[in-house]
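One chain is shown next in structure tokens, namely the form predicted on its own.
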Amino acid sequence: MSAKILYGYSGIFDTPNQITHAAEKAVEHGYTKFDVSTPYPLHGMNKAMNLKPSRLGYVAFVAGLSFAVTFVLLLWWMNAVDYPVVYGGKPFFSFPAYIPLVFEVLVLSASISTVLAMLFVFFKFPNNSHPLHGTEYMKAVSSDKYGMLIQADDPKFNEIDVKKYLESVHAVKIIPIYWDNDEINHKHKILEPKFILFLVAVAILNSAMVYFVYNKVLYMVPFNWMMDQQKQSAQQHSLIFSDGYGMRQPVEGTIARGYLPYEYKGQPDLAGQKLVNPIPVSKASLTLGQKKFDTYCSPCHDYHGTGNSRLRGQFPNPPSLHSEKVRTWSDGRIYAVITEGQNVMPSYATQLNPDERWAVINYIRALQRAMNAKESDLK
């Protein structure tokens, strides 16, 4: 029978003050490979053990920042260089829209990198068959006692001196901890074939259960009741109506609650005669008009209304808003164009409500006056 190899000496204490005092004295004695076990976190223990701040924070910072910056560069390349697309007047690279994505990537990458670094770099793939497991020491400190372990590989370890030291700090029980042969010869049992087979079996069983639930169970009664309920889905053929259409047109002449229909459909000249801008020119209306103009109008008309499209030839350039024809149009005539569209310009009635359309017209008038200023405007 081979002799057991000593892993270290442990001492058990009754109170938090005793274990804190023992940790401070261990530092004074020059021990560097010792650890403290308590049933709950003790305030000030890090200071008592003279522990340096964890380097995991640096790993999280560097990894999170690196992945976040790489992700931002990837988004910039895809949206501003490789495949630029204009969305409602936004710039090719709109960073505020990507903040939630970048934040999630930063947190996820920092978390995963921290766990991997802790397992494989700092802890060197920790042993899942540790000599402390199942010992009297571990049972005590997991309940209501406090313990200290001084490892045998500490540079200042001496069995007699360590026992005297633990007695001097009033340890109520001193317990030697030994390696057993199985722990020495098979430190990393997690790599054993039977454990790998266990992981494979769990993965296969889990995959089979997920497949069965999502592809079979959810299509059985009663889980499929919401799916198979008697209803008419969009674009679905109807067996009730004679024309076979499931999507019905509103009854002619009906008006939605809170909706005022546009009276001059197909009559832009009449709209120009009858409609009057109800929104007075003010700083608020001009600010709103500029915001909506920059978002919906500037991609084609540019920010100054000159017609120099920012869409790089994707659509024909519109006429300038500073032409004599447009400047002499009434506000109602411009409102009709915004509401119904004209030539290749589509209607913007779904993007801009009536008040926003009038505010845009106020801003267009301000642009026209700025670009065609008279001498009296400069005084």
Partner chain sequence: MSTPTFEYRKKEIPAKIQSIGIALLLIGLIIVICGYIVSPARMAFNNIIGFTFIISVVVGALFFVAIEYLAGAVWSAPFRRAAEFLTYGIYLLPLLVIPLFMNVHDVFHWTHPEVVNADKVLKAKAPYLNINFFVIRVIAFMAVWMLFQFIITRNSLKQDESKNQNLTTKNIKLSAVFVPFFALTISFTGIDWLMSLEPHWFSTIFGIYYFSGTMLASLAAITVCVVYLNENGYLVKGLNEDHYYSLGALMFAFTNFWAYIAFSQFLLIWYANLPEETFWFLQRWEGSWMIYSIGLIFVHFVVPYFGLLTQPSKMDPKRLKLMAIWILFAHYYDLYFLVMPTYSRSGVAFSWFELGFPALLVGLLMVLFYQISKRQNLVAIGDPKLKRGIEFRL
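Numbering follows the first chain given and starts at 1. Quick caveat: nothing in here was measured; it's all calculated off a predicted structure.
Here the subject shifts to the form predicted together with its partner chain, a form of this protein not shown in this document.
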Review point. Hey, in the model of the complex, is K90 touching its partner chain, heavy atoms inside 4.5 Å?
Key: yes
Review point. Quick one: is F315 in contact with its partner chain in the model of the complex, heavy atoms, 4.5 Å cut-off?
Key: no
Check your understanding: Quick one: does Q236 come within 4.5 Å of its partner chain in the model of the complex, counting heavy atoms only?
Key -> no
Review point. According to a 4.5 angstroms non-hydrogen atom cut-off, is S94 in contact with its partner chain in the model of the complex?
Key: yes
Check your understanding: Within 4.5 Å of its partner chain in the model of the complex, do we find a heavy atom from each of K4, V59 and F125?
Key -> no
Revision key, fill the gap. Counting only non-hydrogen atoms, the one stretch of 39 to 47, 23 to 31, 350 to 358, 319 to 327 within 4.5 angstroms of its partner chain in the model of the complex is 39 to 47
Study note, to complete from the structure: its partner chain in the model of the complex has a heavy atom of only one listed residue within 4.5 Å, and of A256, V200, I99, V81 that residue is I99
